[in-house]
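Quick setup: one chain, the form predicted on its own, written in structure tokens, and binding and motion questions come after.
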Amino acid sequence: MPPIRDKFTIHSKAVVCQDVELKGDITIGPGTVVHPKATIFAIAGPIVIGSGCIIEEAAIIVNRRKEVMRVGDNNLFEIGCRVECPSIGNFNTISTRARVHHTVRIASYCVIGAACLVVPTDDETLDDYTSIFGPAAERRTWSGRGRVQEADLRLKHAEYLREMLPKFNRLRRGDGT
């Protein structure tokens, strides 16, 4: 297997801390915040991260497939989560220490609860508004109530981080795209 060539495209409005581990072909969209000690590996295919996402400390995003891994807008990857799924919609929350296998595709407005393990044997797509919770990874469908408030809170959270992280961390520079 040939060595992985690093190619990072970081939007000028994105906030990516210097001590983030990036490997492979990675594109980070405007307004996205990547905390220190996060890891993004494009092992087999490229990773494209949309706008307004928050990737917290020790979060790991890996693409093991040849196809492009697309992460939508305004997603939250909490501390210590690991995500390998090839497609993620918008406004999803992957909670602390959750793991999502590469056979899962996530639609929009989904929540993967803390420490949940989502590892189906066959390819699976989570429908919009799916919530996975508990040690047995039980599933429910969210009614969507409070969606607007959740989105507003997520935007304020990202805005706060874009203001505060540069004060206490060195940043990787975007290439102006």
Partner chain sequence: MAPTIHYYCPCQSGELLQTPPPPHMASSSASFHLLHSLFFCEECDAVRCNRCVAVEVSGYYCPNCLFEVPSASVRAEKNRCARNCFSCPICRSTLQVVASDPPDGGDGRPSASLSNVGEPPFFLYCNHCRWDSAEVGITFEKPTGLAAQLQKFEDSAPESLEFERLKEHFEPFLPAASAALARDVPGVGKYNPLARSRVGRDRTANKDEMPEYKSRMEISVLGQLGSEGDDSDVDALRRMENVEEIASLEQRWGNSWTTSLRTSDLKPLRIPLHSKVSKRCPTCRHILIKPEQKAQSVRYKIKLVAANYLPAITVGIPHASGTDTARRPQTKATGVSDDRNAGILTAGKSYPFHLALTNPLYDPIQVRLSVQRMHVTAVTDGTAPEKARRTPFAVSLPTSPFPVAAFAEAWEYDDDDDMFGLEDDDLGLDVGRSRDRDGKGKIKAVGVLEKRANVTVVGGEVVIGKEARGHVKFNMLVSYTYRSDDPLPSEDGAGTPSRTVVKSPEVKTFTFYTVVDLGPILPREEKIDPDI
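This is a predicted model, so every value here is computed, not measured. Residue numbers count along the first chain shown, from 1.
This next part talks about the form predicted together with the partner chain, which is not shown.
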* Any non-hydrogen atom of Asp152 within 4.5 angstroms of the partner chain in the model of the complex -> yes
* Classify Arg64 as contacting or not contacting the partner chain in the model of the complex by the rule of any non-hydrogen atom within 4.5 angstroms, answering yes or no. => no
* Might Thr125 be said to contact the partner chain in the model of the complex, defining contact as any heavy atom within 4.5 Å? -> no
* Contact between Val111 and the partner chain in the model of the complex at 4.5 Å, heavy atoms? -> yes
* Structure fact -> Within 4.5 Å of the partner chain in the model of the complex, heavy atom basis, the matching stretch of 134-142, 117-125, 54-62, 39-47 is 134-142
* **Heavy atom within 4.5 Å of the partner chain in the model of the complex - qualifying residues of 59-80** => none
